[in-house]
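Provided below as structure tokens are two forms of one protein chain, presented individually as structure 1 and structure 2.
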Structure 1
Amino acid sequence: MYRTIAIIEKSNIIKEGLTHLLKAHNICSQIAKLDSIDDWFFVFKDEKPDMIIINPDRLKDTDLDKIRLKLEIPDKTPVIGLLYQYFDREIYNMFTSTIYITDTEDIILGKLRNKQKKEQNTGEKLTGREKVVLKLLLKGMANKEVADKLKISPHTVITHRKNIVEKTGIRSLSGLAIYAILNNITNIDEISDLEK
């Protein structure tokens, strides 16, 4: 299931119809309905939607890559074209997929479900390696120092960090310190005075 899908479309009838469809079939838990791209940053700051369904006439640029860059949409986020009129092939080729308003429910759902990313790893236990990384970070070591100590690349450390945050649902180091103590990954004496 997606967390958030953004629908960018002018017509309320279409917007509501699509919303109804997505809700009835549990495709996502949240739907953000926007009239235009101008509202984008108002609605999405840190957390971006997992999928975007947009009417091409709402795009101000025909280069989707530029739009992704401007709106800070990751490459892996599917952008689905919502079509109800003729558009140049070039335009609909740029979308991950397209749906037509004349499509049947099954076709639309099939197209949207296909694009679903694999389940998020929220709630999974930390691996042994992640625990070691966390322990070192809590000692006050920087990414680079952890990398040197474990003889891995700083990039790998960052990936571990990302996974730790995703799995635990905790973003700050001081929050992670509490997590680590509660889960016996480390103990209080091993934690440096974490300010930030």
Structure 2
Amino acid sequence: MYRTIAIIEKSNIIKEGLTHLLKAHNICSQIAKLDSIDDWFFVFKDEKPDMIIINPDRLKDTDLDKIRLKLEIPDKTPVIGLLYQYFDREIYNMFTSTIYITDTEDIILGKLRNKQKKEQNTGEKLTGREKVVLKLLLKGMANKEVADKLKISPHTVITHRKNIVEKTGIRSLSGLAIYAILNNITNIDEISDLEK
């Protein structure tokens, strides 16, 4: 069970419907309902929510890493897109997962519970191949370069990247660099300047 879930949505009907669903199925103990991202610091001064459900219309930026940094949201916190209209593909891809307004109760609960299970499994160890892929990515190599070096397809590299993110709960390269150093996967001298 999550401690706190933030719902960022303008429509009171949708916020109340989600709140009812979350409470009825004991998904979390507290729900924070915000009309916009501007309300964030009024509601969350110190303690941040464990999950965020947000309508993309409420975002002022489409770079989730920038949003996480600005709002001080940890990389492991799932950010779920609440969708009920068409958005560009890049919007869909920035979220941990998406919920559609037309999804049934079972589908919504399944998605939320699935995120909960993944969060509980973040202690899972990286495989040897995932460690190699991570080291190469941290050296500044693109997916295609990693694929060429390891003689695998770019699709396989992308799959390894997804597995690394799921197992560690970390989405940004800078966060993964810290993880790799702390877990003796690489050292600081082997990591390229990730700000480039």
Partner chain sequence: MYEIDTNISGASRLTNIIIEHPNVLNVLEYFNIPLGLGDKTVAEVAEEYNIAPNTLEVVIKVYCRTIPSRILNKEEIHDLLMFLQTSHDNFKLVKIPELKNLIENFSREIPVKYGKMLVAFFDEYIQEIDEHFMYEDKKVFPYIANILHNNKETKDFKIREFERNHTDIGHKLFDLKNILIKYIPPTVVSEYRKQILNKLISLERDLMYHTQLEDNILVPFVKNMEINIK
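The term rigid core refers to the maximal set of C-alpha atoms that superpose within 1.5 Å between the two forms. Just so we're on the same page, residue numbers count up from 1 along structure 1's sequence. Just so it is clear, the model here is predicted, and its values are computed rather than measured.
Only structure 1 matches the form predicted in complex with its partner chain. Once both forms are overlaid on the rigid core, the distance between the two CA positions of residue 172 between structures 1 and 2 is 2 angstroms or more. With the core held fixed, the Cα of residue 11 is displaced between structures 1 and 2 by less than 2 Å.
With a cut-off of 2 Å and the rigid core superposed, residue 50 has a Cα displacement that falls short of the cut-off between structures 1 and 2. On the core-superposed pair, the CA position of residue 130 changes by 30.6 Å between structures 1 and 2.
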